[in-house]
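Shown here is one chain on its own, the form predicted alone, set out as structure tokens.
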Amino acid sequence: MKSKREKPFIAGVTTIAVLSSLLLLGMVFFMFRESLPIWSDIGVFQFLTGTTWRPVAAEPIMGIAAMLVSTLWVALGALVIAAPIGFGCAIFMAEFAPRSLAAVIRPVLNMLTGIPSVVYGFLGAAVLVKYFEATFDLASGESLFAASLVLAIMILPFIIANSEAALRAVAPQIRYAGLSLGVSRQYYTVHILVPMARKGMIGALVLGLGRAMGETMAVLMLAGNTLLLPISWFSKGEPLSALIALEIGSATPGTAHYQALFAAGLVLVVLVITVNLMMNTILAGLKR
């Protein structure tokens, strides 16, 4: 039986959850409505697999395959870099770091999440891009790899904080039972603690991946902004978020160009939702 105090809280939380879901559905519906002529005139397959983007030509040609591949290169590349560092730091803070040191690191991580993305992009352009140009004798140091490096730094606080919370959420009884068997703390951490916290740690990866896919300013300043299909991590490219940010200001409402940008935004939203659903399916399988 729910107490009288619990009922208003449950009703409030339920209302917030419903409104949040309706807001997401409303956003998706609006983007679908604005982009509907693109799906009917060009077709889903052609729009997603086409490699030519000429929305303002006399005969517009619009395909986002190059931008879609650039988005995946940047986001997955950032995750590959950030995941081992983030998990290692979370394990260190949860199990091995002195309390005084962990108490200093946590506020620093929280401050990193509040730094505007344009600042990360500016520092990457001023330091990282210049370093690549000087070290590898390049005409331009911008690349998907440079964007991934900066994005990895941006998503690290999310991965570390959520992974550490998952590790600390493991029941103390399991911790005491493992250590009472006489195993080393390293063995206990790798073989008992991490497997018990894996659902929360995978959830941290999902949060970081969604953040990386939706980031705009940093990738806009570092990826190179070329509409060619990237063949490697070190090529230049233009992720979907950068494409929308660069061209939405010059697109006239009601034109095919404007509708195509909404279609690109819808693809990005669906991609993020799909990744989250896939990870939730994996987590459900782990729970079973």
Partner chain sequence: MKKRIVSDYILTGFFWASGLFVLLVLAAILMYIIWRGGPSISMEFIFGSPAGYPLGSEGGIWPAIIGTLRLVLLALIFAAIPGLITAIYLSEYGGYSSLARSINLLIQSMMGLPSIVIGLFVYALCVVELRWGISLLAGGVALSIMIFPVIVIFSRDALRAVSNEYRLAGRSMGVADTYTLRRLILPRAAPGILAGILLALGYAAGATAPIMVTAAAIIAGSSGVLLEPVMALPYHLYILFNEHMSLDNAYGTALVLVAMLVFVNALALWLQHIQERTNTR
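This is a predicted model, so every value here is computed, not measured. Numbering follows the first chain given and starts at 1.
We do not show the form predicted in complex with the partner chain, though everything after this point is about it.
A.B. asks: For the chain seen here without its partner, which of 57-65, 226-234, 38-46, 241-249 has a heavy atom within 4.5 Å of the partner chain in the model of the complex?
C.D. replies: The contacting stretch here is 241-249.
A.B. asks: Hey, in the model of the complex, is Val269 touching the partner chain, heavy atoms inside 4.5 Å?
C.D. replies: Yes, contact at 4.5 Å.
A.B. asks: So in the model of the complex, does any heavy atom of Leu144 sit within 4.5 Å of the partner chain?
C.D. replies: Contact check for Leu144: no, nothing within 4.5 Å of the partner chain in the model of the complex.
A.B. asks: Hey, in the model of the complex, is Ile159 touching the partner chain, heavy atoms inside 4.5 Å?
C.D. replies: Although the partner chain is absent here, Ile159 would stay clear of it in the model of the complex, with no heavy atoms inside 4.5 Å.
A.B. asks: Contact with the partner chain in the model of the complex for Ile202, defined as at least one heavy atom pair within 4.5 Å: yes or no?
C.D. replies: Contact check for Ile202: no, nothing within 4.5 Å of the partner chain in the model of the complex.
A.B. asks: If you check in the model of the complex, do Val118, Ala126 and Asn280 all have a non-hydrogen atom within 4.5 Å of the partner chain?
C.D. replies: Judged in the model of the complex, Val118, Ala126 and Asn280 all sit within 4.5 Å of the partner chain.
A.B. asks: Between 217-233 and the partner chain in the model of the complex, list the residues on our side with a heavy atom within 4.5 Å.
C.D. replies: The stretch touches the partner through Met217, Leu220, Met221.
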